[in-house]
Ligand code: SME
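To begin, one chain is listed below as structure tokens, in the form predicted alone.
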């Protein structure tokens, strides 16, 4: 399936709709969340060509780098710090049009200009976050938020 990833023509919504179906089909029957995170990160990254796409996993009072696509990243992020730690603490998706305007932003790469971070829920607990960075300002919007939340919900169904 991975080498047969089909990228939809058209707008963002159409791409997400097809991506969602492909992710659901690929991870069906695979119970290892790390393997699924790796494939989801690769599929999102390939479909949209974002600067950085990956997961940070909850480990105690910090987030630890998980599967990702893109350049080097911060290995650990404290609870409540940066966009990722804030999404974890506030328990909702963070859409940041300009990371330089986000208080406490952690600059793992100076090329990152906008960001979205989606909490990954397992029952009533956040177990990870999906972090996506773009080299362009204001890349992410409500469409990304809705579809990425749906995609991350597939991890623990």
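Positions refer to the first chain, counted from 1. None of these values were measured; they are calculated from a predicted model.
The same protein also exists as the form predicted together with the named molecule; that form is not shown, yet it is the one meant from here on.
Next on the checklist: Only one of these stretches, 118 to 126, 41 to 49, 24 to 32, 103 to 111, has heavy atoms within 4.5 Å of the named molecule in the predicted complex; which one is it?
Outcome noted: Within 4.5 Å of the partner lies stretch 103 to 111.
Item to check | Contact of residue 133 with the named molecule in the predicted complex (heavy atom, 4.5 Å) | outcome: Within the cut-off, so yes.
Checklist entry - Does the 4.5 Å heavy atom contact test between residue 56 and the named molecule in the predicted complex come out positive? => result Judged by the heavy-atom cut-off of 4.5 Å, residue 56 is in contact with the named molecule in the predicted complex.
Item to check | Any residue of 61 to 78 that, in the predicted complex, places a heavy atom within 4.5 Å of the named molecule | outcome: Counting only heavy atoms within 4.5 Å of the named molecule in the predicted complex, the contacting residues of 61 to 78 are 73, 74, 77.
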